[in-house]
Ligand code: X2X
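We begin with a single chain expressed as structure tokens, specifically the form predicted on its own.
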């Protein structure tokens, strides 16, 4: 990254503020006592950045300007793996990352991504706001990060393709699909005979455009906000896994904040997570029709056919062994028996 760090920070924060309609200048005459950076990989228009922007403003108001959080969307501070390294070493104070990518350093954080596990959001939120989520947060804390209590929604994921639709598991044989940098994604698609390619999200559009990969998988709202419909024609509504974002803080940076400032920050960030969930749910009601308007063609495969393949090829058995009986029991408490 080049340029003066403070100037770059201000430009990044200003661009995000303008995109989500927040004031460009602080309302407080005194400089902030703590100026922290928050990085993520999503576009400014995504509900996560909109909700985070509102939380940042409330935090600044309620701390009387003591804590200023500058938002850097769209991988401005580096790719996913770069920001993960930064938040662990303290160069970045706040970061939101997929539990499945976080699983590279906190293995159990990937448990929410078990293929075809959650039937719907009611089951999902009961698990992630309950003891399954608490188990994951306890493990995250062991690597020097502080997770907020509420996980942010990234949605159930769907498979897109450029040349032909995916209607059955056999359509994935030899299919070159981009997946995030996470073992569970690779394992899932290898079980279907696909050729998963791990890459950071900021590389996806170009990889699809140049046909380095045949397709990718993401929630519908991200297909719209990242304009992936421009480089993909077909979308299979598989709901093959759910993914969310843990909002984490660097432990040393978090502990530097006075207790009352920490309380205000945590309370508002968790409230923003709930607002973001509601925003995403509302957006999901209309996003399919918008994508159809852009020319995407949808189909709804039989989820049971895909789940049967995973059972036959030992996917669930493999991941039960990796997560351990205790964590797996917490998962099946909500999903019912898998495998």
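Predicted, not measured: the structure shown is a model, and the values here were computed from it. Numbering follows the first chain given and starts at 1.
One more form of this protein exists, namely the form predicted together with the named molecule; it is left out here, but the text below deals with it.
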Original post:
Heavy atom within 4.5 Å of the named molecule in the predicted complex: which of 238, 161, 187, 154?
Top reply: 154
Original post:
Of the residues 224, 80, 214, 93, which one places a heavy atom within 4.5 Å of the named molecule in the predicted complex?
Top reply: 80
Original post:
If you check in the predicted complex, is residue 254 within 4.5 Å of the named molecule, heavy atoms only?
Top reply: no
**OP:** Evaluate residue 150 for contact with the named molecule in the predicted complex, applying a 4.5 angstroms cut-off between non-hydrogen atoms, and reply yes or no.
**Re:** no
**OP:** State yes or no: in the predicted complex, is some non-hydrogen atom of residue 41 no more than 4.5 angstroms from a non-hydrogen atom of the named molecule?
**Re:** yes
Original post:
Does residue 118 reach the named molecule in the predicted complex if we count a contact as any heavy atom within 4.5 Å?
Top reply: no
**OP:** Look at the stretches 175 to 183, 107 to 115, 256 to 264, 162 to 170 and give the one with heavy atoms within 4.5 Å of the named molecule in the predicted complex.
**Re:** 175 to 183
**OP:** Note that the named molecule is not shown here; using its position in the predicted complex, name the residues of 237 to 275 with a heavy atom within 4.5 Å of it, in sequence order.
**Re:** 243, 245
